[in-house]
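The form predicted on its own is given below as one chain in structure tokens.
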């Protein structure tokens, strides 16, 4: 893209990619720049809308709607409360339609959360899950076999099976040794996923698993069933094994998350947008009530990026959009935006790691108005052409709520549209 874009998106997580996609659908010229890829590469590859409301006192919920209603009642400035349920549904449904168009269906559970197994066998509530995962639903009592690969570290089928059995879910475990992998000393999920494009490899892994089925009606594998056609790979293995198959999220890099990233990037480029990594934005030039340009680090000098409208999607503390100093200050890294929920340093973290109330530092974020423009504590708007989306927003706790991807997609969707129209509602 030559010349100045209409919309410049900063950040390449789910929120930023979704915002760029939506601004493009409204006919705008869009460029996305980022230091690197966002949370898609380390999250589970599902869309968690709300797995635990703020009124649930540490318990997971099978009803995202109930959890959201309770949260909105307690916290009327939560991003979901700002949007409202109809807009949230439209954003999530549109995202699911996009994935379906790329032959990678994200499947809902009749409005309820799926209860899928984590890599240690805990129940993980999620609203939309890839079709490759849903056979692992823990409300289903059918026996399962959890399969690991000898050369794939950080996936422990025995631990997972023990925890599932303790919950009353019959599970066995096996770790298979594949001859084609013996030459490799260490594999990560991406390396394994690339091998699933080979029918010979599918035959090999099916032959290794089959003797251990022993009545199992479904088989759980680490989430490595390839990138291009994971549904086909799943069906091929199910045919070879004679039972259902499901993926289980692993430690990063996340293959299912990378699939979502690739879908969004491909769609952005198909629509004429530009996605560029390696641009760490560190400063901005502001005149009056408008952002004129932002600056990214470069080899000899900072590089200038001008646009009509800017979308900030750099994430919170975990994403690097905010940084914490030893002095006890927490700062937004580009614009120096005022933050809400900042606590004294000694109160950043709770004494208990799994405190049901979460940790204060993850609740720190940027206040916005109903148009997702940043404001201060008095309600004064920072800039008329700056939109903030994703988990950098205040009045939510995505980790505790299990709402990270839902907030990213929903606010990115409507933030991208707001940036394209650049009008106050």
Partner chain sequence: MRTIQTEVLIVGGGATGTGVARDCAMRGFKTVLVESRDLAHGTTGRYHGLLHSGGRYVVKDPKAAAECIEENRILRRIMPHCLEDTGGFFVVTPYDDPEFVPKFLEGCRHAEVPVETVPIAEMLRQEPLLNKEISHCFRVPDGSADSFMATELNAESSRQYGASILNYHHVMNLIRRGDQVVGALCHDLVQDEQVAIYADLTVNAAGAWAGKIAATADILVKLLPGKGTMVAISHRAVNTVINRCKMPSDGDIIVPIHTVSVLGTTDVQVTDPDHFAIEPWEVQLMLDEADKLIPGASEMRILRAWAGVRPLFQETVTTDSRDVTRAYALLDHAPRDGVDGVITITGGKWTTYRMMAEATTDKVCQKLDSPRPCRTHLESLPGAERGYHHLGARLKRLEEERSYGQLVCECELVTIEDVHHSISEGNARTVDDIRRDVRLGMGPCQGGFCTYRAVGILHEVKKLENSASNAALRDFLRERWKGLRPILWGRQLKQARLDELIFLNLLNVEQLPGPPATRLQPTMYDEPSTTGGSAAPSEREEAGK
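Residue numbers count along the first chain shown, from 1. Please read these numbers as outputs of a predicted model, since none were measured by experiment.
The same protein also has a form predicted together with its partner chain, omitted here; what follows describes it.
Engineer: Just to be sure I understand the contacts: of 119, 205, 134, 99, which is the one whose heavy atoms reach within 4.5 angstroms of its partner chain in the model of the complex?
Structural biologist: Checked against the cut-off, the match is 119.
Engineer: Looking at 167, 198, 229, 94, which is the one with a non-hydrogen atom within 4.5 Å of its partner chain in the model of the complex?
Structural biologist: Checking each option against its partner chain in the model of the complex, the one that comes within 4.5 Å is 167.
Engineer: Go through 310-318, 82-90, 101-109, 209-217 and give me the stretch that gets within 4.5 Å of its partner chain in the model of the complex, heavy atoms only.
Structural biologist: Among the candidates, contact is made by 310-318.
Engineer: In the model of the complex, is there a heavy atom of its partner chain that lies within 4.5 Å of any heavy atom of residue 404, even though the partner is absent here?
Structural biologist: The answer is yes: residue 404 has a heavy atom within 4.5 Å of its partner chain.
Engineer: Can you tell me whether residue 162 touches its partner chain? I mean in the model of the complex, with a 4.5 angstroms heavy atom cut-off.
Structural biologist: Yes, residue 162 is a contact residue.
Engineer: Give a yes or no for residue 395: in the model of the complex, does one of its heavy atoms lie within 4.5 Å of a heavy atom belonging to its partner chain?
Structural biologist: No, residue 395 sits far enough from its partner chain in the model of the complex that none of its heavy atoms falls within 4.5 Å.
Engineer: Taking 4.5 angstroms as the cut-off for heavy atoms, does residue 325 touch its partner chain in the model of the complex?
Structural biologist: Residue 325 belongs to the contact set for its partner chain.
Engineer: Counting only heavy atoms and a 4.5 Å cut-off, does its partner chain in the model of the complex sit next to every one of 23, 77 and 373?
Structural biologist: No: none of 23, 77 and 373 comes within 4.5 Å of its partner chain in the model of the complex.
Engineer: Does anything in 203-237 come within 4.5 Å of its partner chain in the model of the complex by heavy atoms, and if so which residues, in order?
Structural biologist: Going through 203-237 in order - heavy atoms within 4.5 Å of its partner chain in the model of the complex - there are no hits.
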